[in-house]
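There is one chain below, alone, in C-alpha cells, taken in the form predicted alone.
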Amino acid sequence: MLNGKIVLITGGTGSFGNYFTECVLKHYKPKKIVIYSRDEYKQFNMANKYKDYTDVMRFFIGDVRDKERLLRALDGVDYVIHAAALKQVPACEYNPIEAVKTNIDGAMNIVNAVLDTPSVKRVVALSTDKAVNPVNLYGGTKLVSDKLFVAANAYSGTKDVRFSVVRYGNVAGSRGSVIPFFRQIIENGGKELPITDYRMTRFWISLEEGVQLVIKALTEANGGETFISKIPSFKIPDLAQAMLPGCGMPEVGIREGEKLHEVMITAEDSSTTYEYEKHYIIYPHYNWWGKENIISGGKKVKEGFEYNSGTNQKWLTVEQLQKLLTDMKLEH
C-alpha cells in the first residue's frame, strides 16, 4: 500500500515517527517520507540515522500551529500520520494555552490543510487512553482532537480522503512510560522502585504493534473509525518486580491527573464498537455516517462493554514481563 507513495509524519522525530520510518523503509518502497517537526537537532540526528535513504527522506522544519507551512509540506503527499502533540501531563497543566494551540488548533490545521490539498487520500491521527473520560488537560485536548478528525469526514465532500484515529496508551519503553524511570533508578544503584498505587494497571503495547495498527487504519479505514489494539494488561508492582526482583516498593501516592487504570473504550461507546480478531473499532455515531461503512469481519460487542486495563481478560505475568523487557530498546 505504501509503495510509490509520499507519506508525511507530523512530530516525525519522536519514538513513533522513528520506528514507523524504520518499518516502512524495511517493508515498503515509498516515494518519499516527509518528517515534519519543530526540532532541527532531532531532524539532524534522524537524517544521519537514515543517511542511506537520502533519495527518500525529506525533513521539513514546521509547526502544526502554522497552517501555511503545513500546506507547503503537504504538496503532493498521499498519506498523513499525525503524531505531533504536547503530551506531558504536568507541562500541559501549567501551560494550558500552549496545549490547546498544539493539540487542538494544530489538529484543526491538519484537517483544513488536508481538505485543501487534493493529493492527500488518508489521514491517521494518533490518540491516547487519556482522551477517554479525561481527568487532565492533555486528555481533554486529545478528546477534542479525536472529535475533529472523526468529524472531518463529514466535510470532505466529493474529495477522496478518509480520516481515522488510532488509540493506545503509553508505548512500552518510550519516554512517557515508567520503564525508563525505573531503569534509571536501577542503573544508579537504587534498591527501591516507587509505586504510585499498588492497584495501578496499564496496557502493554510495543512500538511495533502501534505501527501495525496505524498501517491497518491506513489500509482499511472507510473514514471516522477509532482503532484500538487487543493487548494484554500488567500490574505496575509486577513490572517493578520484573525489572528488579525482590526490590522494595514504597507506595508514594497517585499523581495529579493520573488514573488507576487505562480505559480505551467506554461503556457508552459499546453501542458502536465492533470486535475483530486483533483489534476493536469504535464507529462514529452521527447522522452523516452510514452503517455500510462498517468493515466486514467484526462482531458487535455487548452493551455496556468497557475495555479497561483493570478488567482486561489477558494479563502478563512477572516472567512474561521479564522476557519482553530483555531486548527492549529505550528511546533516548
Ligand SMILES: NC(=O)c1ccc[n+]([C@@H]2O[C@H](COP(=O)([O-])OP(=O)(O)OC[C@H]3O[C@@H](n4cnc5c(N)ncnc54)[C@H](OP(=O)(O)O)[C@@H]3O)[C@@H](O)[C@H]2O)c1
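None of the values given here were measured: they were computed from a predicted structure. Residue indices: 1-based, along the sequence shown.
Keep in mind the form predicted together with the named molecule is missing from the figure; the text below concerns it.
Checking Ile265, Ile281, Val64, Met57 for any heavy atom within 4.5 Å of the named molecule in the predicted bound form turns up a single hit: Val64.
Listed residues Phe182, Tyr168, Tyr79, Phe234 were compared with the named molecule in the predicted bound form; Tyr168 is the one with a heavy atom within 4.5 Å. Although the partner is absent from this view, Ser229 stays clear of the named molecule in the predicted bound form, with no non-hydrogen atom inside 4.5 angstroms. Heavy atoms of Ala85 reach within 4.5 Å of the named molecule in the predicted bound form, making it an interface residue. Thr273 falls outside the set of residues with a heavy atom inside 4.5 Å of the named molecule in the predicted bound form.
Taking non-hydrogen atoms only, Arg69 never approaches the named molecule to within 4.5 angstroms in the predicted bound form.
Residues of just one listed stretch (296 to 304, 48 to 56, 34 to 42, 273 to 281) have heavy atoms within 4.5 Å of the named molecule in the predicted bound form: 34 to 42. Along 114 to 143, these residues reach a heavy atom to within 4.5 Å of the named molecule in the predicted bound form: Leu126, Ser127, Thr128, Tyr138, Lys142.
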